[in-house]
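Heads up, the chain below is alone and in the form predicted alone; it's given as C-alpha cells.
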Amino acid sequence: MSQRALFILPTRFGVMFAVTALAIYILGTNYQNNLVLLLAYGMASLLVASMWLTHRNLQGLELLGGPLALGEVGGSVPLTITLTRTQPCRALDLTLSGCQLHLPLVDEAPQTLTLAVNGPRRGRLLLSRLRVESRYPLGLFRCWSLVDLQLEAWLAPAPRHGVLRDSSDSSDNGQQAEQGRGEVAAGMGDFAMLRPHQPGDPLGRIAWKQLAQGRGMLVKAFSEPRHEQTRLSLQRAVGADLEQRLAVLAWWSADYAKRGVPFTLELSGTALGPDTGPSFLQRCRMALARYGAPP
C-alpha cells in the first residue's frame, strides 16, 4: 500500500497523551522548571515517533484477493487473501463485511488467510472493502486503509430434501399434480431391498412399517434410476416457492454426486451434464447460486 492509500489519526488514548504533554509543557513554562519541560519534550518526541512507526508499519504491505468463493445459505463463504511485505509488520486487524481477524505478525514470506463471511440470501454476496488497520506500537495512533480486492462470492441454496415429479408430469401446469399422483420420489429408481440404517440416510427412506413390527431400523434401497429420472429441472422440483425448489435441486445434485450417479441439471435453457463427481457438483451449485442473477 502506498502512502496515499493510508490514513492516520490519533486514538482516544493518543489525544489524552497529547493533552497531558501540553499541560505539562504549560506547567513547566509557568514555573520555569527544566525537568518538567524535559518531560514534556520527551512525551512530544514519543508522540511523533509513535506516529511515524504506526504509519511505517502498514507502508509497503501488498494484498492479493483469492479466486471466486462459493458457500451455502445459512453458512459462511471462505474468502482467501494473500499478504506479502518486504519487512515484517505487526498487530494487523483485518475487517471484511463484519468478519474480523487479528494478525500478531506478518513476516516476509507470503501468508494466505481465510475470512469466513456470512450471507443472508442466495445469489451474489455483496462485500465491502477490506479494512486493514494497525495501532502498533503504542496505540497512540490508528493507521488504516480501505482496499478493494475485487473479491467475488456466491451463495448456493442449502440442500433440502424433497420429492421430484416424474418426468412425464413435469409441465408448467404440474402444480395440480403435487396434490395427487404427481408427487413421486423420482431419482430413487425401483425398490430393490431393505438394508440396515446408516447415519446420514434421509428420514423419507426409513421403513417405518418394519420398524413398528420390531424388525429394527431399516432403510429402503432403490436400484439405479433411469436416465430420464436423473434430469433435474425446476419443473420437476416440488416446493412452495422458487428458493425451496432450488434447494430441492441442490439436495438431489449432492445425492447423485455422492452416489456416483451421472445426472443432468437444466436451468434457463442450459443443461449441465450428464456427469458426476465433486467438480461437476461445484458447477451445479454455482449454476443454482447464479440462477436469476443479472449477467
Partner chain sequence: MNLLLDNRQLFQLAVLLQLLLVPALWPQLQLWVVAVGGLTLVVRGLMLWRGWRAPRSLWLSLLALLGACLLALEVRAIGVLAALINILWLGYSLKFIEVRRDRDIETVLVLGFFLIALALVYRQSIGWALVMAVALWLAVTSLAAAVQPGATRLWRVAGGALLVALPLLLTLFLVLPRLPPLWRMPVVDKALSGLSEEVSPGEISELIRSSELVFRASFSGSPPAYGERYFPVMRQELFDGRRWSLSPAIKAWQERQPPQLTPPPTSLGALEDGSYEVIAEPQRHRWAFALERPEPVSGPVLLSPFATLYRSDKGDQRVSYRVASSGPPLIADGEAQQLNLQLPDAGNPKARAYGRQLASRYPTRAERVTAILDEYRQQPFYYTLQPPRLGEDAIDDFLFDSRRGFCGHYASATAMVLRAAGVPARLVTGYQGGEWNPQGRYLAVHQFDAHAWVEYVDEQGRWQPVDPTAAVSPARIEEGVTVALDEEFAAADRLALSRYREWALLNQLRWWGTNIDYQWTRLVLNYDAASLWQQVGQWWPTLAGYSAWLILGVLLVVATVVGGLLLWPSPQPTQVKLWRPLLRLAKRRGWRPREGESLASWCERLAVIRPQLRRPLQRCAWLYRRWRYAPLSPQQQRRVLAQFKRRLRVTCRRWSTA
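Everything numeric in this text was worked out from a predicted model, so none of it was measured. Residue numbers count along the first chain shown, from 1.
Form predicted together with the partner chain: not shown, discussed below.
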- line: Within 4.5 Å of the partner chain in the model of the complex, heavy atom basis, the matching stretch of 239-247, 65-73, 257-265, 29-37 is 29-37
query: If you check Gln87, Gln111, Gln210, Thr114 against the partner chain in the model of the complex, which one has a heavy atom within 4.5 Å?
result: Gln87
task: With the partner chain left out of view, choose which of Val163, Cys99, Leu138, Val147 has a non-hydrogen atom within 4.5 angstroms of it in the model of the complex.
output: Leu138
The partner chain contact at Val219 in the model of the complex, heavy atom, 4.5 Å: no
query: Any chance Ile24 has a heavy atom within 4.5 Å of the partner chain in the model of the complex?
result: yes
query: How about Glu152: is it within 4.5 Å of the partner chain in the model of the complex, going by heavy atoms?
result: no
message: in the model of the complex, does Met16 come within 4.5 Å of the partner chain, counting heavy atoms only?
response: yes
query: For the stretch 47-62, which residues lie within 4.5 Å of the partner chain in the model of the complex by non-hydrogen atom distance?
result: Val48, Ala49, Trp52, Leu53, His55, Arg56, Gln59
